[in-house]
Structure formats: structure tokens, C-alpha cells
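Following this are structure 1 and structure 2, which are two forms of one protein chain, each written alone as C-alpha cells.
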Structure 1
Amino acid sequence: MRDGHVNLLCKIVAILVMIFLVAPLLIIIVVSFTPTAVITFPPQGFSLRWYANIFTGTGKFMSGLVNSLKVGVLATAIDVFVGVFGALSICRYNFKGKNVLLNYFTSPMYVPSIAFAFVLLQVYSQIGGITGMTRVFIGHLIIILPYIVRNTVSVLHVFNWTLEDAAASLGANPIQVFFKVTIPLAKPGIVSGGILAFLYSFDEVALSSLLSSPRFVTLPIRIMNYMELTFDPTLAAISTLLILASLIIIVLMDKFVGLDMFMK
């Protein structure tokens, strides 16, 4: 291209932005191997003691991880059904107010999660008897639903519905059509929506911090609580593991569904 200098400017900004985005994460990874309690850069030596501390220290990170996985998996599993059905009802049929229904299904996205958390907290205290995981779970169930609906709709929106007729004309009954044609074709949207929804739940803080009970605390809240008491490199170690997990997820996503699905 002739407009070289403009492109060069954009390229420089782009590279700086990339460095800006990656730098804090790289720093965390490097720092996690420091042998000293006070963080110095570059680290004076190499040690895995902070990784050991994840399991042996006071942070209760493992129980947090288990809780986060429980809530995330359960909420995502239920919402995949609820959300995909909802998306199908919008895309597969013609009726007035389809857009209203879509906006209704995605409405939790427009509400600050802290406001929703406060409302649930009030409701729980009114009703009473809602304890443990249920408190966080209900909140997550609602706030992650829009991601599944939206990603599934984005696939079904460009879906060629005559394929269903084609399958039916070849002798498939409605249930076979649904499971052999509709669902496989909508899969990229369902999978990407599901992954985003799970990650949202897994990383969620605002709701969880208000709704967690002492008996049920999720991992991000455990990390935040630990941070307030002890600011040692255990945090870097657990963060590094989370970064690593994200990296694995992104590689798997690229391989199985393609990254385009996440750029909507």
C-alpha cells in the first residue's frame, strides 16, 4: 500500500496496545516464580514455593475453585437448554414482537450486575432460607443467559431453514431433523455462547461478593479476600494458573470452533 506512513502509525499503536495488554499478565507469570515474599523485578532466583502455598496456605483456593466450577458448570448446563430453546423460539418461528422477546432474553446484559446483586440480596433476606450455593447460582443463571441466547441467535439468524425441509423431505421425522440438522448447524453458536457464559460465571465478582455466604465462596472472591489480608506472590501463582487455563481454552476454541465466533 502506498499510504505507508499511515499504516506504520497504526501498526506502531497496535503493537503498543498489544504490549500494554500483555505486559501485566507477563509480569504476573514472571513474578510467580520469585523466591522472596516481597516482589522484586526481575526476581532474585527461582522458586515454586508460592505454587505450593496455593494448596497449603490460608487462601482456601481449592475450595474456591471447586465452588466456582460447580456454579459455572451447573448454571451453564441449564442455560444452554433454556437459552437455545429461547433462541429457537425467536429464530424458527414468525411472529410479531420477535425483537421484543430477544431484548427480553438479553435484558440482564443492560442491568449493572451490582444492582441485580443488591436486589437479590434484599429478596433473599425477605424470603429467608436461601443459603449456600443457591444464592450465587440464581444470580449467575440469570446474568449468563444473554450470552448463550445472543450467540445462538447470531448463528440461527443466518441459518438456512430450508435445510430442515430438505431433511424432512428425505424422510427425517421432526425429532431427527432437530437433532441431526438444526442442532449440529447451530453448534458453533451454542458452544461459543456456552464457553463465554461459563467464563463469565467463573470470573464473576460483583454478584458473588455480595451473595457469597461464608460457607460458599467462589474463587475470585477467595483471591480478593486473600489480597486484602496478605499481598504475597501466592496471588501471582494462582493468577498464573488461571492465565494458563485461559491460554489452553483459547487454543482449544481456535481448534474446535474458530475464534471468529468470539468476535461478535
Structure 2
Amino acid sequence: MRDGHVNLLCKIVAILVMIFLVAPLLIIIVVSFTPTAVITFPPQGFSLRWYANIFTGTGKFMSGLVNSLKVGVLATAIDVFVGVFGALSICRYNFKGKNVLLNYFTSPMYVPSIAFAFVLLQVYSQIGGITGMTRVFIGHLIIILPYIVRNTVSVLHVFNWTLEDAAASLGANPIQVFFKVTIPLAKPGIVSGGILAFLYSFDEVALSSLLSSPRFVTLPIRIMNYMELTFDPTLAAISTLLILASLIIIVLMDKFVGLDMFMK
């Protein structure tokens, strides 16, 4: 009976925690369909005007979205290439300074982004002539690399390297071994690291706010600037679309990688 009471208590606590986490998201989704300019719950009707305001309003959210996607996709693609080969060099070979190299790759995780952005801003001001996109891109390129390296290393750490030798003994050349054995087995770490890196880049505010220019502003900065001047259900509509996009990413991740592998 005592175990039964404990299990019941755990279930109740788990349900309460889920309600605490999900309820604000549900309220945001419901509020985004309100017809009034003032956020009220429950809404006094149904309207899609705030979703239309995302595309036609003065907030320039679509240009911010395009800028965020440009930086996020490009930085993630380059860091996947760098991070995978960096993780392979750390896990595949034994050499002096291997731990130092790993700490070097993951060091941006331990530096506050606002401090890192301030240092980059000082460097850019001395160089001069660097566009806003380049400044933000370089910053994101550095701060998201640790997520790819750490996730890939976590998979390669338990990698059976004799599989590469077995493939080579069967006649596969190094390129075939790399693309048909190493990469497929390391795919969970690469994909999960790439997704985390992209999401971190897409959602980054502190670094982007210091390094962006009037001609290049990312979506989080557009949202922050809009909140300073106006607070209407447009922000709830944007949040709803971002929640939907996150759910789509989770479904795709479960289909191509598996959430169990992602959690591991």
C-alpha cells in the first residue's frame, strides 16, 4: 500500500508539473485569436487579424525571420562540418592535449553571451567596415559550436571503431567507410547537436542585440523592439507560430532520429 501511495503521489505531482508547463502555452495560443487590441483571457471572440498583422504590420517580423534563418542555417551548416571532424579527431585518436582541444571547442558554453558579445563588439569597432550580418554570423558561429561537438562526442565516445576496420577489410575505401559506417552511426549526435545549435542561434538575443545593425535585425530583436513600443496579441500570434514550428521539428526529429536517441 505504501508503494501504491508513493506511485499515486508521483503521478499527481507529474500531472501538476505538466499543467504548470503547458497551461501558459495554451493561454498564449487562445489569446492569439482574440479580436480585441487588448490581451484578454478568455478572448471576446475569434479573429485572425493578429496573424495578418505579422505579415502586413510595421514590425517587419518577416524580414527578421529571414535574417534569423540565414544566420542560423549557415552557422549550423558550417559548425556541423567543423564539429564533426573535431569530435572525430578527439574520439578517434590519442594524442597529447586532447582534453585541452575538447575544452577549447566547448569553452564558449562557459562564457556569458553578453560578455562574449561585448568583446566581439570591441574587436569589430577596431577593425571597422564589417556588416551587421557578418558580425552576428561570426558570433553565432562560435557560440553554437559546443552543442554540436558535445553531442557528437557523446555518441562517438561509445563508438565501436572496429566497425571501420571491418568495413575496410571488406574492400571499402576510407571515403566509403566514412559515409557508410561512421556518419550513419554518429547521426543521432550530429542531428541532435545540429538541431540544438540551430535553435540556440535562432533564439539568441543578447549577442544579436549588441552586434546587429539597423539594416540587419534578427527576429528575436524585432520582437523585443516591438514589445517596447506595443503590446498587443501580435506577439501571441508569433509565439503560436513558433510553438507550431517547434512541434514540427520534434515530429521530424522523432521520425528521422528518434526521440529516445535524442534524449540519450
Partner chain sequence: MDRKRQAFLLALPASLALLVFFIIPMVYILFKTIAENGFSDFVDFFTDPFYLDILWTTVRVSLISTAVSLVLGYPTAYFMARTKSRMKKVMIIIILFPFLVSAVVRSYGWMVLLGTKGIVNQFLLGIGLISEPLKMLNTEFAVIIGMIHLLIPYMVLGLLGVLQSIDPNVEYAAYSLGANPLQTFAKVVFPLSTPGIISSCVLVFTMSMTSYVTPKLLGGSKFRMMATMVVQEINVSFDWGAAAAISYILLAVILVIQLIVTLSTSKYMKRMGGGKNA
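The first residue in the sequence of structure 1 is number 1, and each one after it adds one. It should be emphasised that the depicted structure is a prediction, and the values quoted were computed from it without experimental measurement. Superpose the two forms; the largest set of C-alphas matching within 1.5 Å is the rigid core.
The form predicted on its own appears here as structure 2. Superposition on the rigid core between structure 1 and structure 2 places the CA atom of Ala245 less than 2 Å from its counterpart.
After superposing on the rigid core, the C-alpha of Ile12 is displaced by 2.9 Å between structure 1 and structure 2.
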